[in-house]
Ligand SMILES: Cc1ncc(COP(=O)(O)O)c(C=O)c1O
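What follows is one chain in structure tokens, specifically the form predicted alone.
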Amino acid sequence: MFKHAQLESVKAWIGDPAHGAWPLHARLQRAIRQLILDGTLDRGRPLPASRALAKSLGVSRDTVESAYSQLHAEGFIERRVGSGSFVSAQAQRLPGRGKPQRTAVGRLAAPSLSQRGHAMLQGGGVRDFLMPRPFAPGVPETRSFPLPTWERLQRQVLKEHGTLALLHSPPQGMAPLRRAIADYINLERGARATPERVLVLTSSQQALTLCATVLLDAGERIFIEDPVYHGARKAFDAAGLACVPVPLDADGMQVDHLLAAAQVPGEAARVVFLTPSHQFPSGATLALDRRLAVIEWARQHQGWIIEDDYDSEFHYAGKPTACVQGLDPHERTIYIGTFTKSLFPGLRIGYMVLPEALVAPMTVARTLLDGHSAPIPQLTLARFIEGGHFGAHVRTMRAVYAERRDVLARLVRQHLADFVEPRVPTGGMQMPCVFIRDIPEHEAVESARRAGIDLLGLTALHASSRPAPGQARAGFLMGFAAHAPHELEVAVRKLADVLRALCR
């Protein structure tokens, strides 16, 4: 028979609510297996007879027999006719036998990671704002999404394609969606795209990871904006790249720094990362002369331009400027777009428009990450774009977001004027606010989080240790797209209380 402690351990395991979804025989089998793995039951140790164990546990004999049969099938126990059941001699060689190694203070010992794994862990990854709490940047309004239209188009896809829609997608993406994307960005963004050069992905973050690993080796340099989108910086850091910050002004990245670096041995880089249409987080638009200058830099030095056009659909003062990719006749620009912000985050579809020479390398590299994107959402999105529904939705949301931006600017000036100064953007879904008082940024962000408000601090977005002259650092981004005016007012008043408490 089991010792009293062993029997109580089995009872506790069976009765644990965390295991309540499993059948009783499976719970019993796992409980005994765990005793073997922990070394509590040594090899060769006899197990109670099925009838006796059933009586001790208050279960049927069939339950015990089913548990023993599974343990025998998996090699944990041996069953000998006329002698009973015993812990298998193989158990001593099973991985996981014994307890995990712990440090002197009782924590699990740190795993041995690669340099890249350690860098990713230390960087903290990229945190998505799972729920649309007030001011989370980059979160769109989803409550007014035309869901009936989407459902109707998805039914059409399933009716037309049947079970074929349940198979793998080509790694480059479904042809109808690649065609729809190329047609749309050629018309709306002034791009030079063809379906053959579009690579459908799950997100712009995946695109940045591909660029970091396919274009450069660890230790090589990449020019980045300063401040810069944190997702790009973390992707480049994780790939072991040396990020070289380039300062901004009102006209975007100061491209002359790239040209100057090219003349200094060891200072040059072969790739530059840009958010030219709406710089993240400052909101600046890269001036035309600088766009042309960076294209010429890429031509002269056989460099690459990574253009992240993350929310260009939402421009509130006239038409948005044409993308850099459409101005580049030399095919040195990689254009990244996403539907996460223009439609809804759960869609998980982004894309790249690639120079012809990079289509095969990027597509093959993509197969090593996740293989392909799901076909049904791709085919549904293609119909959504082709039917004019995407354009109509963007136009509607552009008007909604413009109103919410104006409301937030007014509320910040009304309730937060003692603490921050808003930098009202001409586009996008978030507003930078810089401190006008000596307020600890991290404490402000953390206090707001505890109050149910998500802010993104500005300081961590700067790559250089010293800001450019006249460039404010401390402050936060306030997303305004996902909340109606009355919701924004409630949240701003709550934030005012948080900041007021910090200043006492």
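Numbers for residues come from their place in the sequence shown, where the first is 1. If you're wondering where the values come from, they're calculated on a predicted model, not measured in any experiment.
Quick note: we don't show the form predicted together with the named molecule, though the next part is all about it.
The candidate stretches are 111 to 119, 304 to 312, 291 to 299, 370 to 378, and the one lying within 4.5 Å of the named molecule in the predicted bound form by heavy atoms is 304 to 312. Candidate site formed by Ser277, Thr333 and Tyr335: none of these residues places a non-hydrogen atom within 4.5 angstroms of the named molecule in the predicted bound form. Among the residues Lys341, His257, His415, Lys234, the one placing a heavy atom within 4.5 Å of the named molecule in the predicted bound form is Lys341. The single contact residue among Phe135, Phe384, Phe223, Tyr229, judged by any heavy atom lying within 4.5 Å of the named molecule in the predicted bound form, is Tyr229. Within 4.5 Å of any heavy atom of the named molecule in the predicted bound form lies no heavy atom of Gln325. Remark: Gln205 counts among the residues lining the named molecule in the predicted bound form, judged by a heavy atom distance of 4.5 Å or less. In the predicted bound form, the named molecule sits within 4.5 Å of a heavy atom belonging to Arg348.
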